[in-house]
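Encoded as structure tokens, the following chain is the form predicted alone, with no partner shown.
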Amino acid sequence: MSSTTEALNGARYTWGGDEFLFVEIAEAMSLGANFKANAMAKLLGAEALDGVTDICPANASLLIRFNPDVLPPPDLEAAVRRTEAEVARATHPTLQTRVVEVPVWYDDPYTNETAARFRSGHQRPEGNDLEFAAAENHLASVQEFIERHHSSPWLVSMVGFVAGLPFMFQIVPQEQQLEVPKYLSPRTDTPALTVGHGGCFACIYSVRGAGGYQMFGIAAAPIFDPGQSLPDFKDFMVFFRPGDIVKFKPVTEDEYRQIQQQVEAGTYVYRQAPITFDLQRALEDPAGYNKEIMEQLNGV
């Protein structure tokens, strides 16, 4: 059974102590499973149930935290099952979200220097992570890998692990997805805003710290702003939300420095546009639909 088909079947409900309800939609990540998790989260959030304190969609599951003294567990389960049924009834499922452009300096000196310090924990001690990734995906060059990385959109499947870190799933057929194993031994250091990759997932490290994903470049602007000093963070210190669609944009060193100056001046704003993500079109015509998604920011 495919994970997309599995996502269309009933979810598995389990309890975590007195305050958590865990809804497992599928055992494996897929566009269908993640779409269902995000759709259920949005519907449940719109109900604004008294007693629900947090709703956390993940790759193929949903976690709800609640106060059992305010909302009895059977009532919560009934409400969540209603949202699941509503999502299942949708004949043409869509999700209201946004496309965000993320400028990336690929093959930058910061991640390359860090990678050089940790080659003893790597599958390929010679070269850098991009060269390893290109070879693992049977591509002719690093430049071809970078082109494949930024030429298709990525779905933010979940946010977490550390504050504000997005996990991203490439919106292409499975046989076209870039896949790279993690380091054999995790690093004790990763530059903040490193664009990394492990398995089929991309990520952006929101802060400096340990990590094990391969490092391909560095994003030019913050994705986590505790001081909420930039316009994009006026409502919340974390930029990404599950269901966001990311368009990576390669930039030169000069362009990277210019964006850094805007960040320091407090004027930088991400290019973004609202979009109605259509699951059926993404599955039936991925190449054509991805082209439309990537063009959403034209003129913004």
Partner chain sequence: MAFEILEPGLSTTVQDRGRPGYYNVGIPQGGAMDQLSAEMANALAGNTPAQAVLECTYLGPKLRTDSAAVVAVTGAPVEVKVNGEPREEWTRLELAAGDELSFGVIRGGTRFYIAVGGGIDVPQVLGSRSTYGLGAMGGFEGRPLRAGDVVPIGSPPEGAPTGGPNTIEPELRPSFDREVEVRVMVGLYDHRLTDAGLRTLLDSTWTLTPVADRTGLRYAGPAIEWKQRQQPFGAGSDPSNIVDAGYAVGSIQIPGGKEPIVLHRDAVSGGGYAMVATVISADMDLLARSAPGTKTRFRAVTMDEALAARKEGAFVRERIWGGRVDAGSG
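Remember, predicted model here, so these are calculated numbers, not experimental data. Positions refer to the first chain, counted from 1.
Keep in mind that the form predicted in complex with its partner chain is missing from the display, and what follows is about it.
> Decide if the three candidate residues W105, Q272 and M294 all line its partner chain in the predicted bound form, where lining means a heavy atom within 4.5 Å.
So, no: the whole triplet misses its partner chain.
> Quick check on this chain: which one of P226, G127, G121, P109 has a heavy atom within 4.5 Å of its partner chain in the predicted bound form?
Exactly one listed residue reaches within 4.5 Å, namely P226.
> Looking at L49, C56, V251, V263, which is the one with a non-hydrogen atom within 4.5 Å of its partner chain in the predicted bound form?
In short, C56.
> Though only this chain appears here, would E284 touch its partner chain in the predicted bound form if you measure heavy atom gaps against 4.5 Å?
Residue-level check for E284: no, no contact with its partner chain.
> State yes or no: in the predicted bound form, is some non-hydrogen atom of T188 no more than 4.5 angstroms from a non-hydrogen atom of its partner chain?
No.
> Is K182 close to its partner chain in the predicted bound form, meaning a heavy atom pair under 4.5 Å apart or at it?
So K182 counts as contacting its partner chain.
> Whether T97 contacts its partner chain in the predicted bound form should be assessed with a 4.5 Å heavy atom distance threshold; does it?
Contact check for T97: no, nothing within 4.5 Å of its partner chain in the predicted bound form.
> Just one of 166-174, 97-105, 79-87, 136-144 has residues with a heavy atom within 4.5 Å of its partner chain in the predicted bound form, so point it out.
Comparing against its partner chain in the predicted bound form, the contact stretch is 166-174.
> Taking its partner chain as it sits in the predicted bound form, which residues of 201-237 have a non-hydrogen atom within 4.5 Å of it? Please list them.
Contacts from 201-237: F201, V207, R208, Y213, F224, P226, F236, M237.
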